[in-house]
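Heads up, what comes next is one protein chain in two forms, each shown on its own as structure tokens, labelled structure 1 and structure 2.
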Structure 1
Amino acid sequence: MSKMKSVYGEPKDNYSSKLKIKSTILFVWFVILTLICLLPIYILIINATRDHSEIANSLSFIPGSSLGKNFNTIATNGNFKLSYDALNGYKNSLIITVSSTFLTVFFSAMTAYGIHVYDFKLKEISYTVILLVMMVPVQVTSAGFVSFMADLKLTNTYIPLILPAIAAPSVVYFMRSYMKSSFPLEIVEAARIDGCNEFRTFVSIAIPMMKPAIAVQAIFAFIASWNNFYTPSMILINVKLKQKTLPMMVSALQASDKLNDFGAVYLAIALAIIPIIIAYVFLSRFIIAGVALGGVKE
């Protein structure tokens, strides 16, 4: 009897203790990665509160007391005023980003839905075209794009930064892949039998079912647009500082060698980074949970 116990008991104990060791090692590894992820941002915030000479002389992990002074430098120093205006930067970036994100997500879902649900002659060809198009880098079209926009007198406006968001091939590709795995066509037929028209089926049945994919893609689209530095700097060629986007303003900090106050430079970078981190803290639950599966299972 006792022999049997040892035969059946040991492997199980072994298994759970192995799991425990593995869990602990992984926990330590995750903590290290977390520290690496946060360190640059932490240093940024710390140095934003320190004086130029303090930063030069020593490194510190404790906040200093020069936050007000640095703010003052950004607001009043002539060199900073020439290249940096955080409030207008927020406003401009937000206008462009919110509208283009909405357009991307809505029209990509619509395109993916059109290709997935309906049977039509050009179906396969159009999907292949979208896949091919996905691979075209922005840089390839940019030379032609800017000169075309200049012909239309659309440079130095926000339209070329917002409207092209309707055609986002990679988002369509992702949405189609998602629909393939978790959007059964029976639902569309059921809606038809219940007398729902095609567009309404899309808006009130397909979109709620695709929420996880839409959430993920909306986040990616938002980030891509908010962080976009290349297109705005090509389109907004000679606008006033007031009309520039936030990344353009931050990049101006690098270009100027007249900005010698490191504390103020750190604070200027922090002002560009912190709002989106705060937004992320509130949205993160939704962001991370958004990847779970939704809708009907087979």
Structure 2
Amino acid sequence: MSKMKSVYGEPKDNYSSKLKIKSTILFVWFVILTLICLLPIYILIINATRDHSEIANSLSFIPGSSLGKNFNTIATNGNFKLSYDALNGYKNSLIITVSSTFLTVFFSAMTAYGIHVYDFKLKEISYTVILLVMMVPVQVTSAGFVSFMADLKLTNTYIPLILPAIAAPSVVYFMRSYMKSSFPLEIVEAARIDGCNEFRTFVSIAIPMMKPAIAVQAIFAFIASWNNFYTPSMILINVKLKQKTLPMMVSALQASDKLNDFGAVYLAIALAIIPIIIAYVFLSRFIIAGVALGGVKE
């Protein structure tokens, strides 16, 4: 009896062994990449538990015993208090980040929905313009943006850090690409026949179907806004410490020559990444659910 052959014409046993080898190689490679990505974060957390002298003298992968001391330094040291206020930094950054993330994903999804669902004369031209705007670096327009905000008397406020998030060309591009592959127009027609108005169709039908794409872009938008130092440093020029964002405070800590405590500085940086981890853990379940749902076809 001849050996069974795979779809590629090879004996089934040979095909299975090759598949196992490829899977093992890919698994090992992805583990290495994961370790490379997580290593800096791990060292950051470890250094947050170590003393200044320990960090200065050696590199260690074992947690230290100075976490409480570093917390006490951040909370009570006068030099730290001049540059770093964790509670107000969290509050200010969360206000800006949550607001801008919501505006980014909601209005980008709405724009992508309009381009995908409706037919109008300037449809492709409008989409091309959006793509062209995506190619313009932020640094090119920053001087004009700051000057315009100064003319509107909006410097030293959070409005210029939140409202411009409505225009996010890269997010629109991603959303439309996702809708072209996963959002059938027939469902919109069915909703119209049932008497559902356009906005309710978008909110009740389109947004739930776009949860995986929205979750991905929400993570990216949250991280970009939370870590944003460039724009706030240009807009929040003459504000008090209590009005600054957390990245601005961390940057001031790193730039100060009066602070000579690496352990406390590492702890301040570690505290700044906690909301990013929380946002990823919370939103990643929508990505996984969307992938699982998309993998099941009738």
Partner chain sequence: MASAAQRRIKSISYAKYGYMFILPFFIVYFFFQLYPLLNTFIVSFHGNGLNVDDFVGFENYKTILFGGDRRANAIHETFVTSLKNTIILWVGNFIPQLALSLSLAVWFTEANLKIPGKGFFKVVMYLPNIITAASVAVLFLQLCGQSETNPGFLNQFLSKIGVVDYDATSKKYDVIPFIEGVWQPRGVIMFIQTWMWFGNTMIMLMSGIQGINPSLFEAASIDGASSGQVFRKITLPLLTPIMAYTLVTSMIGGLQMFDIPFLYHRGTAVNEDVQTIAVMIYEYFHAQLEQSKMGLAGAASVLLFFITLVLGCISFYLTRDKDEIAKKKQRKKIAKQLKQESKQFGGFSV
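Residue 1 is the first residue of structure 1, and the numbers go on in sequence order from there. Worth saying up front: this structure is predicted, and the values here are computed from it rather than measured. Heads up, when I say rigid core I mean the largest set of C-alphas that superpose within 1.5 Å between the two forms.
Chemist: Given these two structures of one chain, say which is the form predicted on its own.
Modeler: Structure 2, not 1.
Chemist: Superposing on the rigid core, is the Cα displacement of R50 between structures 1 and 2 2 Å or more?
Modeler: Yes, the C-alpha moves 2 Å or more.
Chemist: Cα of L246 displaced 2 Å or more between structures 1 and 2, core superposed?
Modeler: Shift of 2 Å or more: no.
Chemist: Once everything's superposed on the core, is Y230 shifted 2 Å or more at the Cα between structures 1 and 2?
Modeler: Y230: C-alpha displaced by less than 2 Å between structures 1 and 2.
Chemist: In Å, how large is the C-alpha displacement of V28 between structures 1 and 2 after the rigid core is aligned?
Modeler: Once the two forms are fitted on their core, the shift reads 5.2 Å.
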